[in-house]
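Okay, so here's just one chain, in structure tokens, the form predicted on its own.
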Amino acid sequence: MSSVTVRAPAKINLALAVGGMRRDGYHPVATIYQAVDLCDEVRATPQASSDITVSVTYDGRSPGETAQVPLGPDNLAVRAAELLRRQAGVTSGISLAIRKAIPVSGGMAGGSADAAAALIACDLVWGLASPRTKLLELAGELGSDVPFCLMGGTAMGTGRGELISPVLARGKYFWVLALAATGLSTPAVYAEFDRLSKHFEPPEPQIAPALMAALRAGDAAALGAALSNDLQDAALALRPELAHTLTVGEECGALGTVISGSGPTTVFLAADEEHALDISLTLTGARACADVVQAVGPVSGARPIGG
């Protein structure tokens, strides 16, 4: 097969409950993911050689973000291609061209989205026809968020986030994403979480029933009131300026505010498209963040868009 392009969505965490560190170094979590229509694209092209190469362009924002994406074996899309090739016994090479729109180190699973897209694109180029269950298994080996980026929609993640089960969610949700000028290291945020909680044992992570009920009912106001993130205090400790961003969004009448994942992207739930525009203009006017993006969720997970 010739080139294949796959689009994969960013995620936001509507709720993120985090437990104490396990013996394997990971933290148990319970989270509700939602995929939104801010997407990266990965184009896979077969190569005559056995090499796996990657190039990255950034769609519409700072070229400096492109420089933060590794182009070697540490790139998660390259790791996805290598893992799939090894598991399937493929010897052919492939070239991956990533067009990024999801912020780098923004708490929105940009690298995981690229890995999910690469799994599907490489599987199609190599003609493997792998079952979705197999791709989900490989996704879980690559990273905690990769299985959700394959699935999309609205889902619960448990374990370290890689065990995914769909969640009934009615309605469409309008989000405003306040993007920071620079990213935050996920390990650094978890280390700060451990420091802040060193004098007590975090409880077993659970999702509040109120949030699940709001999703089932399609009640945006109730969902906004139930948004939560156990890593938010740690992210704020490392990036105190995010408190100002949250305050500006609250003053705009956002239905809910939360830092997504490990941050620093700040997320605001709007009542409708017009309200989302009002929040966006206010955040921009207040210079409360580096950039503002409006997004809608839930959307599908990684999907081919043609060659």
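A residue's number is simply how far along the shown sequence it sits, counting from 1. The structure presented is a predicted model; accordingly, all values stated were derived computationally and were not measured.
Same protein, other form: the form predicted together with a small molecule, not shown, and the subject of what follows.
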Listed residue that, although the small molecule is not shown, lies within 4.5 Å of it in the predicted bound form (heavy atoms), from Thr186, Ser228, Ser95, Ser197
Thr186
Interface check vs the small molecule in the predicted bound form: of Cys252, Val29, Val54, Leu255, the one with a heavy atom inside 4.5 Å is Val29
Per contact check vs the small molecule in the predicted bound form (non-hydrogen atom within 4.5 angstroms), the hit among 204-212, 164-172, 143-151, 81-89 is 143-151
Do Arg160 and the small molecule come within 4.5 Å of each other in the predicted bound form, heavy atoms counted?
yes
Look up in the predicted bound form whether Tyr190 has a non-hydrogen atom within 4.5 angstroms of the small molecule, and give yes or no.
yes
My question is simply whether Gly25 lines the interface with the small molecule in the predicted bound form - judged by any non-hydrogen atom within 4.5 Å.
yes
